[in-house]
Structure formats: structure tokens, C-alpha cells
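Next up: the same protein chain in two forms, each one alone, written as C-alpha cells (structure 1, then structure 2).
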Structure 1
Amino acid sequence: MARRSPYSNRKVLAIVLAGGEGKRLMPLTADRAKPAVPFAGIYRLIDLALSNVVNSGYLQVVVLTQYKSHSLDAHVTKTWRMSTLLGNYVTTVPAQQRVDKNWYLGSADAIYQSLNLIHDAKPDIVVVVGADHVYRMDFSAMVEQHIESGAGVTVAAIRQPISLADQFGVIEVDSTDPAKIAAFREKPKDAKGLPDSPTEVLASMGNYVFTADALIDAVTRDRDREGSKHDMGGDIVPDFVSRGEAGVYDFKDNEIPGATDRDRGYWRDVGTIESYYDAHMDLVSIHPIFNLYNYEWPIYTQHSPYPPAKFVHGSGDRIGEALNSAVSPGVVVSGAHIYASVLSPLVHVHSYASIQGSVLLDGVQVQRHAQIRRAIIDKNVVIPEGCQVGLDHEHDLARGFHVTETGITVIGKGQTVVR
């Protein structure tokens, strides 16, 4: 848990922006919101954001949802139950058209249309975070810096090579005060390096701390601003920058209990199939960069009443084994070989099947002699006996599978598979 802040008497409301459509994660987002996409076997992406918020000591949390939110709502409602004795809660709030007949027009508009939540909670500080990144962060340290600075908004930022600046929203700092934002530029081609590290830039992480009154004023003015896209990073932050009221929090200064030198500062955007796949391959490496085993800063989720994973058969070439892999409860590996893969709950792999470098989501059934390579297979898919997935991309495409430019085959939720 977070250390005790000298500003612990300030009332903090956390808002998790979880309405993302996640088009670049299709077909995984064909039937669910991006924050509801399963991750690392037993989690959903939103569990990481909520765990960071709760571990930071902030126990009044609203989750703003919109796109195909049923499974996300169900997961948060069933999993994130807080004690109400002290007024703690995690609650999902769908788009309600409280202002007009429009759905959320952007992240800033989502907050504007939900200002009733802030008025009801009466916080001093509002922490706004996204729900689709993999990282650990103690927000209490960022809140402490924000209060001490007197800024209206503080933006969390991570250092990235200057060669990648055109992929991020880049923060340029004040030459006399490195904690103050001088400019906020979207994917610049001519980014300036940091004063203390000319080969690096600060990239926005999509996490913000606001003084509550300043946030209310900003999103209200933005509502009717001509040409605004109603985006937190693209419109609200630049507005604060123009008034000299924006600060930056350098993620490298964030200390997490139980963190090691190897995983400190880890942050990954899993907004594409490639990055989602790579994040899973990180987890099954011998020394993973992102450490799921940090029990001092746990990642919380729902634990279903499934039995332990089971591996059966052990003679000849019929050996049930999983090497360099993460295997979830309820999995049965029956005389099959699993290597460098993630198996989610209730996956069943039958004899003589072979799976390498793949991610199988809940309830996938792999029949005998099937072969799977570099694939992501969504929930409840049945791989027929002798079927090959990921070995012949032309054949994968002909069967209606999605194949990325880097050769990752993706089978959608419940999709019918033929040999």
C-alpha cells in the first residue's frame, strides 16, 4: 500500500476513463470494451488501473463506461466491492446523456457530462486515469507533488527516446522549472530533448491530477469551445499550459513498495494486438520485466471457484507439460506440450497438441494433435483435432482469422474454426 501522505486529509475522488472502443485491438474488442479485455490469464485490463488507485489509498472511485460495457460493468460490480461502512466504493457509471442527447464526445466531455459525481462527492482533488495500460503507480506521490506545486493540473509522464516522440503526446518542460509544462505537443516531428537528458522526451501517460474546482471550470469552458475535440490531452491540458497552470510528474520518481530495479518504471500501452501480445510474452519470460509477484502492491481481481490447474499423462510423446508459461486455475493440460504461452481459466488442451508463443483466453478447447503458433485465441473457441493455427497465414486468412503485419494470428470470441 501507499505510504502515508502529509496531505492525507485532502479528499480525493478517482475517475477511471473506461469508455474506450479499442479499434486497434479488434477482434478482441468486437464484443467488449477495451478495459474489459482479459490480461495475464486471470485479470482484465481495468484491474491494473483500479489496483493502482486502491493501493494508492483512494477508495472512492467511479468508472465511466460507454462502449459495449456489459462485461466491464459485470466484472467491476462483482469484483470491486468495497466496504461501505466508511463511505468507500467503486462504481461504474454509464453514459447517461445528462446534458443533451449526445453520448460522450471525448474524455473531457465524459467528465463534463458526469460533473454531478464531482458535485456529490465534493473532493478537493480529482485523480483521472485511463484503463488500458500495464504498469504500477503510486498516485499518492503524484497528488503530493500536485498540491505542493499549486498547479491546476499535473500530468504523469514517462521518459521515452526522442526518436519515438512522434508516437506520443510530448511534454516540453520549462527551462527554469522542470516540474512545469512549457508546451504540450501531439506527436511532434521536431521534439526537444529534456534539459537533463537531451536524448529523451517526456511522454504523457494519460494520467492526471486536478484540483477539483480547476477541473470543473476547464471542462465547462471546453464544452462550448469551437473546434475542440473535448479530449483531456488534446484540449484540457493545453488550456492549462496556456495559463501557466500545468505541472508534470516524472514517472521515474515514483517508488512502489516491493519493486525491483528491473520492473521499476515499467509502462506499456496495450492498445494494439502487437503490444498486447508482447506484454504477455514479457510475462512468461524467465525474468519478466513486469512482475506479477509483487505482493506488496498486489493486482486485485475476481477469483472464481475453479480447481487448480492439472497436468496429466507422462509417457512417450504423450506428456502433459507447460514450460515458461502462465497457467490459470481450471486449466487441464492432458498429454499436450505448452511453451511460452498464457492459458486462461478453463482452457483444456488434449493429447499430442502443441502450443507455442500463444495466448488462450477463457474456455478455449484444443483437440488432439492441434498445433498453435504465435496466436491469440479469444474465449470459448474450439480448435478441432489436427487443426493448425499460426503456421500458414494464407490459410488463416482464408478461414476468416485476423493476421497482423507481424504475423500474429487472432481468432475472435466464439468464432467457428475449421481445419
Structure 2
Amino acid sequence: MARRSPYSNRKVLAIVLAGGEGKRLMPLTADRAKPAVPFAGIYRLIDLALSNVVNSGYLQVVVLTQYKSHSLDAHVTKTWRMSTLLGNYVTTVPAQQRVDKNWYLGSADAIYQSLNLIHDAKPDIVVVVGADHVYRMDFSAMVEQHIESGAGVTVAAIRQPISLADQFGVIEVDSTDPAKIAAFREKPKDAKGLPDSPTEVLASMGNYVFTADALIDAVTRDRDREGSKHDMGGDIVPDFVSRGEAGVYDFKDNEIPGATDRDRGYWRDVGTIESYYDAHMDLVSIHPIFNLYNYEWPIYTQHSPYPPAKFVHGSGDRIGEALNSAVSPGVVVSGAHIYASVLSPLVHVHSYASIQGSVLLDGVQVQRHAQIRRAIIDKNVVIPEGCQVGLDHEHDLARGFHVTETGITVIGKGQTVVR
């Protein structure tokens, strides 16, 4: 669904940064890159970024990968294959030491080492987006603002609580021109609140629109800059700001077809276990805060042709039911009670089991009488009969599970669970 734009004659290349390690999502990222972490049952995180790019009308897309990229590469290659007849593509490009013996030193270096792709595509504009956020966004509106402003880079921004300032690039806008960035600090520990809202800061969303030549010039100069970490937020954006060439695009102005009052402006960085968990709970509230059911701006994915989910009477004629929950194809709930949870494909829950406020990834098996509360359980883990997870955190830690400060229990892929 190509979106019309008065500037559609401009050639746009989209680059998705998908090489991050995602340390704060451990153990979910022990075995896979963060953008490949499953989300909402049937998706991978990268599907959200790619759906936004494609729905915005940009059909030439490169995905830069590095860390544990196999499952990410397999997913993107299988799901996002496009007809090349019109010159459209979504392609993954692994780190490959094109320039010297170094792997990508940071996100800016990932682009520097991939400049051949920009030289080949010859775009006027490069849209650079992260791959680990849950949101809908029409990038074409941001591209229009960028072209009109004449900036070298435009950074997408959203208000966030000041308590989270040290997780984001924090933007100060120019007092005379609110579309211009006066100062940008990456993950500051001492951020000041906004003049009209002292409890909030204006945070970078990690999405950028560049004039292609300005991007090529910036990452090339950055390569030899002493002390640079070769990071988009830490080095490249501040460089544009110091030259007075950085603009800001306010995400609250972004209009998405089919958005409801409730989910308009929704954006979550799912960089931590807490935010990943919360994003799932946002999905299963009765009127979802993030609405997967907006078909005017679809989130695309592809999965195996599993049969429909099934709910059956189990042993002793127990009713199998799931309330306020999202249940994927291939799931069987037999005489068990599920509440406020997300079940991924092929999860099987047996009689007398109960699951509340939890996220179960593909193929998890929950045996009879098991009880699961506020937990995230990775692929194919078997929860044995009568086992409790998330009810006693001391016991969870003693069994080698991960428990967050806020009391979310996480069981990693391949972990053996005992009662």
C-alpha cells in the first residue's frame, strides 16, 4: 500500500539497524538478536519497524545485522521477500568486515561499512530506524518535514518520563524555532525536565531521516574522529546539532489511518524485560492500548500453517478457557484457566493448570496443576506437573530463573524446569 506524498518523486532508501545485542533483554537475547525476539505471539520485534517502513511506502529496505543474526536473518528472508520486478527489496546485510578487520564498532559504523548500499541505490533521502520498538508511524510525514526544513538530519521525538532519561537521547529544542534541535545528549544522568512539564523530557525515538549526502559525509568523518563510539545517538546526531543542521519531528503530529483515541501516539521501547512485559499487557487489556486489529496500517508477519487455537474440556470435565488473552494458532488449552496472558503458537496447557499475566513463547508445554504468574517463558520450555512459577521468587531464583526487580520471572530457552 504505497502512500502518496507530494515528495514521492524523491528516492528513499530505508536502513533498519538490527545489530544490537539487547543485553537488558537477557535471557531472551541469549540466543537471538533483539529484533528477532518474538512479540505478541506471532510476530518478531523487527516486523513492527518493517511494517511501518513498508506502510509508509518505502520499498527499498536494507536490514543491517550483526549479533547472533541467524534467526533474524531467517525470519526476514522468509517473511519479507518481495517481488524484485519493480526494484523493491527487503534484504538483510550481515557485518562482513568490508572496510577493515573490524566488525561494526557501533550503529554509525554499521552504516559506514554499508555505504556501498547507499552508493548503489543512489537515494536522495535515507530513513534510518531502530528495530526494537512497538509503535505505528508513518515515516512519510517526517520525510516531508525533513525536506521542507532543509536540515541534514531530522530526529523523531516523543515525550517520556524524566526517570527514563538515562535510557534515551534527550533533545532540547531551540527557543526560537521548535523544529530545530539546540542540544542533544545521549542517555544523560542529569537531564532537566521540559519547561512546560518538569517531569518529562523530549526523547529521541532512535528514528532518523537524513539527506543522503549529509549522512555519507557524517559517518565518513566520524570514522576517524578521536574518542567516537561510532554511535548514531552518541556521535552522529550531536555532530549535526553542533553544526546547526539537526531538526526534530514531533511524533504526536504523526497521523496513522485507523488509529483510535486510545492507541494514537503509542510508542514503547522494549529494551528491558519490564517494558517487553508491559507491552504485552498493553495488548491484552480489553480495549487494547496498542491495537493489533487496525487493518488500515497492518503489522505484517508470516508463520507456519498451524491449525486454529482450540479450547476443550479437560480431565474431570474442567473447562478450558482464556479470558482477556491473546491466543495464537496451534494452541490447545485443555481444562486449564488462562487470564491476561499471551500464548504463542503451539503452546499446550493441560488440565487444572492456571496462567495469569504471563507471556508464553512458541511451543511451551504446561502440564497438569501447574501455576504460572507474571512470567515470561521462552520457547519449548516444559513446565512439569504441579510446578509453580512466579509465586515464590526465592524459589524461582534457586531454580536458576531470572527475576526482575519488579518481580517478573523469566525462564530462558532450553532451561530445564523442576518443581
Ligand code: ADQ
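From a predicted model like this one, the values you see are computed outputs, not experimental measurements. By convention here, residues take numbers in order along the sequence of structure 1, the first being 1. We call the rigid core whatever largest set of C-alpha positions still superposes within 1.5 Å between the two forms.
> The form predicted together with adenosine-5'-diphosphate-glucose (ADQ): 1 or 2?
The chain shown as structure 2 is the form predicted together with adenosine-5'-diphosphate-glucose (ADQ).
> Relative to the superposed rigid core, does the CA atom of residue 232 travel 2 Å or more between structures 1 and 2?
No; residue 232 is a residue whose C-alpha shifts by less than 2 Å between structures 1 and 2 when the cores are overlaid.
> Honestly, after the rigid core fit, is residue 195 moving at least 2 Å at Cα between structures 1 and 2?
True for residue 195: a C-alpha shift of 2 Å or more.
> Core aligned, does the CA of residue 120 move at least 2 Å between structures 1 and 2?
No, shifts by less than 2 Å.
> Enter the rigid core superposed C-alpha shift of residue 186 between structures 1 and 2, rounded to one decimal in Å.
A shift of 2.9 Å at the C-alpha.
> When the rigid core is overlaid, by how much has the CA of residue 317 moved between structures 1 and 2, in Å to one decimal?
Residue shift at the C-alpha: 6.7 Å.
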